[in-house]
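Quick heads-up: it's one chain on its own, the form predicted alone, in structure tokens.
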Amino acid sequence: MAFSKLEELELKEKRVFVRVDFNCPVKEGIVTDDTRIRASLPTIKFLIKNNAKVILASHLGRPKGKPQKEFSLEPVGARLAELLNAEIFLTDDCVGDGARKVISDLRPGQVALLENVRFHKEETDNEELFAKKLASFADVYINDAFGTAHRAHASTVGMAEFVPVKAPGFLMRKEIESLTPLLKSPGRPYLAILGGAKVSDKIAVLDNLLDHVNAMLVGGGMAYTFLKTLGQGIGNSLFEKDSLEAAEKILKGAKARKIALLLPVDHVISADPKDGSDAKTVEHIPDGMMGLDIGPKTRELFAKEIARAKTIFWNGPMGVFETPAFAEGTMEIARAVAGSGAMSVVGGGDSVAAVNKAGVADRIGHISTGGGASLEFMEGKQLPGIEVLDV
């Protein structure tokens, strides 16, 4: 795909509409994690520097198509104002006379933040009239919200058709440039590490990666569906009965392609995933107990595979790492990936949280801001929010 470059556009005094991803956790009117706001700053600062009239749009939470105070972007605007050390003009709605007045009063270099676009059902329905209303605010359309690029909504897809000039922002471009080589020209050996609770969430990406990787490590709750498929005892561990057939197909596909697909050989177990006071390491899980983290032998096995890799894609934790008793497997994988020297890409909220918790985020090649979007990208799908930017 071919895209216009933000730095090559005529921006001076233009109304530049930027779809950002400001879907941040907010508690008692305070943003508790501003990672997504900070990720958008390079694009916003560039537009301010180039005297654009900057119009930001985002969703927050799931307000189900109607205004709800708890999902207002007001706290996000306050945090953005602090980070930019500049006034942010928050509109009372994302469309209508109030928003139009704020935008018409903007001077070059000033920033307006539209109220939550999902306060309107028409946003998620990608309703054409609503998309045209948003587009009427813009001379230039920039999408910098990779986290929503897999959603065909009015602010991510629909309105772009009615704005003559469009391009990805710096964050979106970095995501595309970092993820594309994983499917086109990865350095080899190429290793995928997949974890998390459910196989069903990742069947498509597992299937697609079989055509690209040299090895695959599977941990987390999803590993027990594979182990169950192989006839191993898994005690009370999480597994998906409806995904046993898919897991068997993936195991056979890996074998046919001579791809090493490594599963846990030992486990940290407990009767309660939220407690861990009875946690212990075993190779065979007894009835009544659950596998909740990869054990030390598995960590060593996985670390050796990680050390060999030249390219690594990691999505999903190795256990219930929110509970300290079951965190070490995920932490060791994070440290191993960071120390591997490989071109590494980490996606998914839990994996990103893990590399931050392990203090190794600065040694990861690329940390993706889109969990679902990065997975769909790795499935080989065309993401609508990217496709619409193609020139």
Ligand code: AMP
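Start at 1 with the first residue shown and count on from there. Bear in mind the structure is a predicted one, so any value in this text is a computation, not a measurement.
What follows is about the form predicted together with the named molecule, which we do not show.
Stretch-level contact analysis of 130 to 138, 191 to 199, 108 to 116, 154 to 162 against the named molecule in the model of the complex, using heavy atoms and a 4.5 Å limit, identifies 191 to 199. Every residue of the trio Gly220, Gly316 and Val320 has some heavy atom no more than 4.5 Å from the named molecule in the model of the complex.
When you look in the model of the complex, the only residue of Leu292, Cys94, Ile312, Ala145 with a non-hydrogen atom within 4.5 Å of the named molecule is Leu292. Proximity to the named molecule in the model of the complex, defined as a heavy atom within 4.5 Å, holds among Ala271, Ala81, Ala204, Leu238 only for Leu238. Heavy atoms of Asp34 never reach within 4.5 Å of the named molecule in the model of the complex, leaving it off the interface.
For Asp350, a non-hydrogen atom is located within 4.5 Å of the named molecule in the model of the complex, even though that partner is not displayed.
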